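In the block that follows, a single chain appears as structure tokens, in the form predicted on its own.
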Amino acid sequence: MLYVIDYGSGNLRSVQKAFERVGVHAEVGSDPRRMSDAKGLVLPGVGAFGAAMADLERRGLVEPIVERIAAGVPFLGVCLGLQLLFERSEESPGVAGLGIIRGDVRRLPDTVKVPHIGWNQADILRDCDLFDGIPDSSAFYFVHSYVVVPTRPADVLTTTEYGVTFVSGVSFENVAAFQFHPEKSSILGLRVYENFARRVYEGWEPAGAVEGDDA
């Protein structure tokens, strides 16, 4: 079972629908017991870092997330779900993140339009199965004001140019996460979810080619 974690922060149905489009059932919920049975976890989200961490704490989800990642369960973070993996954010001083990936989250500089909304390229810096069948420098859809700054260069998977170069994707062991929204990124975004399903279910293949250009 693939489990999309619900902590009261946005776009859950669009993520679930994107997985349905590629032929994978994704359950949405906030039950730690169901999380413990899941073969793969997805942490999406929009909104503020501090409020999201408070909601995760209130629902008793922080410890199960950390435990399942430590157990090697494939994990995918999307947008705010990427940022929450880090240790801290300028958006919410004094609030600790999940701390799965070393580093922090910083606001985009005033030299660029904030929030960053629209299509931009993701430049792939190293091999990753989640980009199988996806050309380098493909465009994905972004909506955000903050960006992650990993401490370890080896954790950086993709970067994006938007007046400044920022980290738009990370990968660390069984964890991967993106600042862009695959579920809003047409066919190539759906392919990211296909590839994650292959990571979760060994030998899985979609029933047929995905058609259309929206999720």
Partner chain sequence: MHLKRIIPCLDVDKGRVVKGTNFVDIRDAGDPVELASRYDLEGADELVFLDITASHEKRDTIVELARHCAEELFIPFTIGGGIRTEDDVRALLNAGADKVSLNSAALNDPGVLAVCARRYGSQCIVVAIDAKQVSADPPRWEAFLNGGRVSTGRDAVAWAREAVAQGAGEILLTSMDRDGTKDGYDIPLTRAVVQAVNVPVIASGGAGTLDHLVEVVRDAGADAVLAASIFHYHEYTIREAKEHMAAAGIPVRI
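Positions refer to the first chain, counted from 1. Every value quoted in this text rests on a predicted model; they were computed, and no experiment measured them.
Not on display, but discussed next: the form predicted in complex with the partner chain.
Is there a heavy atom of residue 18 lying 4.5 Å or less from a heavy atom of the partner chain in the predicted complex? Result yes; residue 18 sits at the interface with the partner chain in the predicted complex.
Do residue 118 and the partner chain come within 4.5 Å of each other in the predicted complex, heavy atoms counted? Yes - in the predicted complex, heavy atoms of residue 118 and the partner chain come within 4.5 Å of each other.
Applying a 4.5 Å heavy atom distance criterion, does residue 183 contact the partner chain in the predicted complex? Judged by the heavy-atom cut-off of 4.5 Å, residue 183 is in contact with the partner chain in the predicted complex.
Residue-level contact is defined here as any heavy atom of the residue lying within 4.5 Å of the partner chain in the predicted complex; does residue 172 satisfy this criterion? Taking the distances in the predicted complex, the answer for residue 172 is no, it never comes within 4.5 Å of the partner chain.
Can we say 26, 39 and 75 each have a non-hydrogen atom within 4.5 Å of the partner chain in the predicted complex? Checking in the predicted complex: none of 26, 39 and 75 is within 4.5 Å of the partner chain.
Let me know the one among 102, 113, 107, 126 whose heavy atoms come within 4.5 Å of the partner chain in the predicted complex, would you? It is 113.
Among 95, 98, 143, 134, which has at least one heavy atom within 4.5 Å of the partner chain in the predicted complex? None of the other options qualify; the answer is 143.
Given a 4.5 Å cut-off on heavy atoms, tell me which of 172-180, 27-35, 54-62, 158-166 is the interface stretch with the partner chain in the predicted complex. Stretch with heavy atoms near the partner: 158-166.
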